[in-house]
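Just the one chain here, laid out as structure tokens, in the form predicted alone.
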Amino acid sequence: MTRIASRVSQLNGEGALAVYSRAKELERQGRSIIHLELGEPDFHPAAPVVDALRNAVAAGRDRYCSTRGVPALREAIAEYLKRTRSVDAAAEQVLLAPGCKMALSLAMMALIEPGDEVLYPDPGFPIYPSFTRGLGATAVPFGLEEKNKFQPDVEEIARKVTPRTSAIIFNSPNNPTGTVFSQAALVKLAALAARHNLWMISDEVYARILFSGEYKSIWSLPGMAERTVIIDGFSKSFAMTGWRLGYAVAPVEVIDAMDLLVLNTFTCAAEFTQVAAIEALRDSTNAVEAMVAEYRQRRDQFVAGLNKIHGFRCQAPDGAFYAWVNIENTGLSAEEVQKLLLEEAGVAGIAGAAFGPGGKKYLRFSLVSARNLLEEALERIQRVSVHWRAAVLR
């Protein structure tokens, strides 16, 4: 008899991938599908980054390398974080991994014990509670509610802290709401973490995709560098999703623990992608700024269009590249709207429950298609909205 470890039963998948699979099936049947389900940029890395990768492979940079990452890249990341978000960290506090999920998993394995309680945002990235449960800990949600503009209610979080709470996980800008946590919220979270001796795992993978102001990392607040782990990478800000390169920034003792986990798992991230990532951080062609400017235009266009559709309500996101749409006034469930849009309109979005119970009245669309496709998506959604308009009138 095949025996599977019980921890696997505690894990869950990602709703986006299930929708994507159905969308691809419809495409194979000849249907036209506009893909707004996956959080994958439609941009590609800048030409100098691709050239750097090619040159690195040609130069033989395809060998084993340091388990913690190429020293030059670790130094470049430390400089980049100081330049772009006032994070004062040293190269020895940086560790590379094949993707942000792996960096996050290593950090969680290093810090979370079986029986611990871990606070995480609802709605939020589904891997947070999934991997927490896989580690034998209890995932405890805190709400991000529309009435609060999806900002965290720190008083609610404080009420949920117990003697078994070991960490708070959050990401800002948030996936799926696009909310950037306010400075006031970060200060209160920092005080809470200090009062209860909690780790703060700050997922900052969307930090560069910001539509106004400057990014504030909780790491930079007084006393937080010693209890914060930053998770970031190259997938979103540099459109390098398939390159699988992420990193963690943490106190040296945490990096030491994560390094031991690397040695026991994947050994090292690919050297040639790390060499190319140094060029990405230089951003000599200002590719990041141009990409964010395009996302801003897409946001303005798509959110305005969504708010004209009967039954839809959408707050403009402050960052990331998602539209988080309240559909409760359609009179249908989010799952019903998702199915109608995909099967009849050929528009792939995700019912919000994929991001936690707090998302049950919402849909998430990714702004990862060109503006002409977003305009067509709006027209298609408007056409099928007759279904719920008729239902409401009845």
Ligand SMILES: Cc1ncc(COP(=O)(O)O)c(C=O)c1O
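Keep in mind the model is a prediction, meaning the values are calculated, not measured. We number the residues from 1 along the sequence you see.
Just so you know, the form predicted in complex with this ligand exists too; it's not on screen, but the next bit is about it.
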Thinking of 101, 203 and 235 as the candidate spot, does this ligand come within 4.5 Å of a heavy atom on all of them in the predicted bound form? yes
Of the candidate stretches 143-151, 92-100, 266-274, 69-77, the one with residues having heavy atoms within 4.5 Å of this ligand in the predicted bound form is 92-100
Picking from 128, 302, 312, 211, the single residue whose non-hydrogen atoms come within 4.5 angstroms of this ligand in the predicted bound form is 128
Exactly one of 244, 296, 82, 216 comes within 4.5 Å of this ligand in the predicted bound form through a heavy atom, and that residue is 244
Considering only heavy atoms, tell me if residue 132 and this ligand come within 4.5 Å of each other in the predicted bound form. no
Requested in this report: State yes or no: in the predicted bound form, is some non-hydrogen atom of residue 175 no more than 4.5 angstroms from a non-hydrogen atom of this ligand?
Outcome: yes
With heavy atoms only and a cut-off of 4.5 Å, decide whether residue 171 touches this ligand in the predicted bound form. yes
